[in-house]
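Just one chain is shown here, as structure tokens, and it is the form predicted alone.
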Amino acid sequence: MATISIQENKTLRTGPLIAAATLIGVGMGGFIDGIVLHQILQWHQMLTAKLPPDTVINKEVNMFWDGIFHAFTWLTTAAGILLLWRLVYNRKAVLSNRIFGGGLLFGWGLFNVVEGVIDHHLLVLHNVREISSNPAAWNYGFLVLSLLMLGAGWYLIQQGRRRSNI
């Protein structure tokens, strides 16, 4: 029967858990955006401000770029899961529900801020809600909500660090 020996002087850190949870949060935030806003509610697709979905060709181009978007979110989520597996398997980090949950929320907020600034404001690829009398209000509301998510995630991470005495 094999036994596992844990070094007593091993220093556990919170960084690996924060990194893994943030990557998973970025990926999951992207999935929520793509599944809910793109597919279920159909408020926008990746390029609807540039190519309105009013022809089959435009719809196909938008669908292709939505697929590229989903591939990115899948790869990001997979990378986060790999990091999480490595830290749990090697016991390199503090395991804290608050830090993990905070990292997920932080990652989701980070995804939304980056995606919102780049896609909605800088490149104007799409608006949060294309068919609206005031798409800018939806875009800025999305950013405000995203910043609140970032702040709440950061708060939970810090609270988890304090509880873990790190």
Partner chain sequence: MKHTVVKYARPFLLLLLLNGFQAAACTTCNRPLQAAIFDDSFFRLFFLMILPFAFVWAIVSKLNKLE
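Numbering follows the first chain given and starts at 1. Everything numeric in this text was worked out from a predicted model, so none of it was measured.
This protein has a second form, the form predicted in complex with its partner chain, left out of what is shown; the following refers to that one.
> Heavy atoms within 4.5 Å of its partner chain in the predicted bound form: does residue 19 have any?
Looking in the predicted bound form, residue contacts with its partner chain include residue 19, since a heavy atom lies within 4.5 Å.
> Is residue 69 close enough to touch its partner chain in the predicted bound form, meaning at least one heavy atom pair within 4.5 Å?
Contact with its partner chain, yes.
> Can you work out whether residue 151 and its partner chain are in contact in the predicted bound form, taking contact to mean some heavy atom pair no more than 4.5 Å apart?
So residue 151 does not count as contacting its partner chain.
> Any chance residue 111 has a heavy atom within 4.5 Å of its partner chain in the predicted bound form?
The answer is yes: residue 111 has a heavy atom within 4.5 Å of its partner chain.
> Its partner chain in the predicted bound form: within 4.5 Å of a heavy atom of each of 47, 119 and 123?
Each of the three qualifies.
> Pick out the residues of 47 to 64 whose heavy atoms come within 4.5 Å of its partner chain in the predicted bound form.
The stretch 47 to 64, when checked against its partner chain in the predicted bound form, contributes 47, 57, 60, 61, 64 at the 4.5 Å heavy-atom cut-off.
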